[in-house]
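There is one chain below, alone, in structure tokens, taken in the form predicted on its own.
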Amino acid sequence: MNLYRDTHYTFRFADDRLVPRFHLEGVEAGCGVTVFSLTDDKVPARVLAKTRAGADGWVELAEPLVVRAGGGFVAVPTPVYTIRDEVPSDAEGIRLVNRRAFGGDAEADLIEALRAGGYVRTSLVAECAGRIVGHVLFSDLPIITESGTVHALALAPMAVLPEFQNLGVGSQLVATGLNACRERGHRIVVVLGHPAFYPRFGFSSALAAKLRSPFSGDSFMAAELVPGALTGVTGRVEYTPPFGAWV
């Protein structure tokens, strides 16, 4: 028997179950659905399945879910969101996203300092039902070489509200942001980020190998928005003053 279900589509069962499908009320056919493990705050939720709702809200699973007595899962319909350039009225929403994603104000303060200093080149938000749920920022990051300065961008920070994470919002922000930077004439982007996430967008530590910075290792990566943009580029990345507390 289904013991518990709330507006976040949480299912809990009193006995062992093999769940091949389940029903979501108010979800249109074709809507993406991500199924997460049901856990407490001490253990991160795992993605169990990704699928789509069928007719009348029924969700069919490629592989049945094995649910033990007292356990369950959370089914989250994929939010419908748009990605667009930041406008001045987004400032408070952007601050809230970064505060909640990072658990403090440091990243939000960094964004405001970069904005105030005129260093921002691309700033995009993800908006869902009039609410800012994600944000990505690209700002100046000159590369100082023996023959002169090579223009590049730093991707930092990128944030998504916790309840919208693992739903593709961050990936879409990064992909759309890189395309926007390319269209605006930028050629190189550098990031300090998770080596399991950013390589899918063309970032690699190998491309950053000849760039000296306060950072090193697999987390310090670069991407070429134009093929060959980093060929022959050897030098030092110079983070702008707002990054002073970070480098």
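Quick caveat: nothing in here was measured; it's all calculated off a predicted structure. All residue numbers refer to positions in the sequence shown, first residue = 1.
The same protein also has a form predicted together with a small molecule, omitted here; what follows describes it.
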Handout entry: Heavy atom within 4.5 Å of the small molecule in the predicted bound form - residue from Ala108, Leu114, Leu167, Ala154
Key = Leu167
Problem - Sole residue of Arg68, Arg184, His194, Arg46 within 4.5 Å of the small molecule in the predicted bound form, by heavy atom - result: His194
Practice task
Verify the contact flag for Ser171: yes if a non-hydrogen atom of it lies within 4.5 Å of a non-hydrogen atom of the small molecule in the predicted bound form, no if not.
Solution key: yes
Practice task
Spell out, yes or no, whether the shortest heavy atom distance between Tyr198 and the small molecule in the predicted bound form is within 4.5 Å.
Solution key: yes
Handout entry: Contact test in the predicted bound form: Ile132 vs the small molecule, heavy atoms, 4.5 Å
Key = no
Exercise for the section: Report yes if any heavy atom of Val160 sits within 4.5 Å of a heavy atom of the small molecule in the predicted bound form; otherwise report no. Expected result: yes
Exercise for the section: Spot the stretch among 60-68, 205-213, 24-32, 185-193 with residues whose non-hydrogen atoms come within 4.5 Å of the small molecule in the predicted bound form. Expected result: 185-193
